Structure formats: C-alpha cells, structure tokens
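Single chain ahead, written as structure tokens, the form predicted alone.
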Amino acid sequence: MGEYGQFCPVAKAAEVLDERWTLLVVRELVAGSTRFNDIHRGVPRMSRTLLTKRLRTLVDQGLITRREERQGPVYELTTAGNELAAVVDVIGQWGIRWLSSLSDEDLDPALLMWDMHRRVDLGALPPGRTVLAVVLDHAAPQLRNWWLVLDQHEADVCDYDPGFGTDLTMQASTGTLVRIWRGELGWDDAVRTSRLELRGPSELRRQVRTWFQLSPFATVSRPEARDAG
C-alpha cells in the first residue's frame, strides 16, 4: 500500500483504495458478493493471488470482516466498508456520465454475464425453470456461449451447457449487450435493427426484456446521447 505522507483525508483514503483492483473488489462486496469465487467472478481478469492479497488488506484496514464457514470464508463489509457504497455509486455515475467511450478491451463477456445474472428480476420470470442461452458474436470461443438458468427463487450463470435444454436464445455482440446494459442503446432499437436476435417461443421473446433490471447506472443522464452500437 502506497504512503503519500499527507494528512489530507483524501490522501489517506487513497492509500487504501487506489491500489490496482481494490475499488473494484469493494464494488463487488457492495453488490452483495461474500464468497471468494463470487467476488472473483466480478473481477475475472484479476489473479486469484492478488485478490487474496487485496482482501487481506481490506480486512486489516477494518473495511471488511472474514468469517470462516464450513464451505469456506465469508467476507462482509463493516460499517466503514458499507459507507463506501455511496462512494462507489458517485464514481459510477461520474464514470458513465463523462467516460462512456468504450474500447474492445473494456467489453468483458464474463463480467457482463455475471452482472446480468445478479440483476435478474426473479418476480418477472415465468413459472418453473427457464434456460436462456446467450451467444456473444465475435467473442473468443471460450467466452462465446453462456447459459442463464432462471427460476423464481434464484438465477445462475454457466459457461457450459447445464443440460436442461434451451427455452430461448439471445444472440448479439458483446458490445451491443453492454450498451443495452448501460442504457446507451434501447432494447427495441437493438431488436429492430437485428443487432439483438431472439429465437424461441414468441411469448418468451416478448417477456425476456422484463426479466432483467439494467445496470444501476443505466438511467444516469449523460451530457449527450451516445449510441456506438
């Protein structure tokens, strides 16, 4: 952890939070992840060794607690850590308002699918189990095919065929889905222009848009409309 040698509280906070990946680890904890593997799925390009180190630092700084359970450690925000939820929210709003330009390197399929699965509106799902297959055009072969296994109790995301059959298939480029997710491209516009294709029963094709709550930052106003589709 860096030492700025300043009494300024901004500097002291930066000593903890501006190390690489640390704020994103906090973001995952704020979003509700408590298990190591779940936290890692939100930062898939971070090494597991580095994640272990960052979690240890956050424990040492009193921002999270580590509790041993039978299935492994559980990490939870302390009172001090919970106050960072407002910081994460303000940074996210500022980022989507002023830094909306995305490069191909920013379009992480694994993060997109993890985000989508944890923003499923379980109450909007049809009865029983629904399997939504997602095909991401132009993604690397190992990141191209995903399956969301959904019911009214939980949502799970798999990077392998879970073997339940597929009820509906959604196909688009990662960039298209990211821009829908971020509120920069309307669902209907994406379907109308064939940037988003749905295959399956017509009833499910009509309903699927209601199954997902978009990114918490999707409704943040921007200085100008951006649709780089």
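For clarity, every value in this text was computed on a predicted model and none was experimentally measured. Numbering starts at 1 and runs along the sequence shown.
Note that the form predicted together with the DNA isn't included here; everything after this is about it.
Arg35: touches the DNA in the model of the complex, heavy atom cutoff 4.5 angstroms: Yes, Arg35 lies within 4.5 Å of the DNA in the model of the complex.
Partner contact for Arg20 in the model of the complex: the DNA, 4.5 angstroms, heavy atom: Result yes; Arg20 sits at the interface with the DNA in the model of the complex.
Heavy atom of Arg199 within 4.5 Å of the DNA in the model of the complex: Although the DNA is absent here, Arg199 would stay clear of it in the model of the complex, with no heavy atoms inside 4.5 Å.
4.5 Å heavy atom contact, Arg48 to the DNA in the model of the complex: Contact check for Arg48: yes, within 4.5 Å of the DNA in the model of the complex.
Segment that reaches the DNA in the model of the complex - one of 69 to 77, 111 to 119, 145 to 153, 95 to 103, heavy atoms within 4.5 Å: Careful reading of the contacts points to 69 to 77.
Sole residue of Thr166, Ser194, Thr65, Thr52 within 4.5 Å of the DNA in the model of the complex, by heavy atom: Result of the distance check: Thr52.
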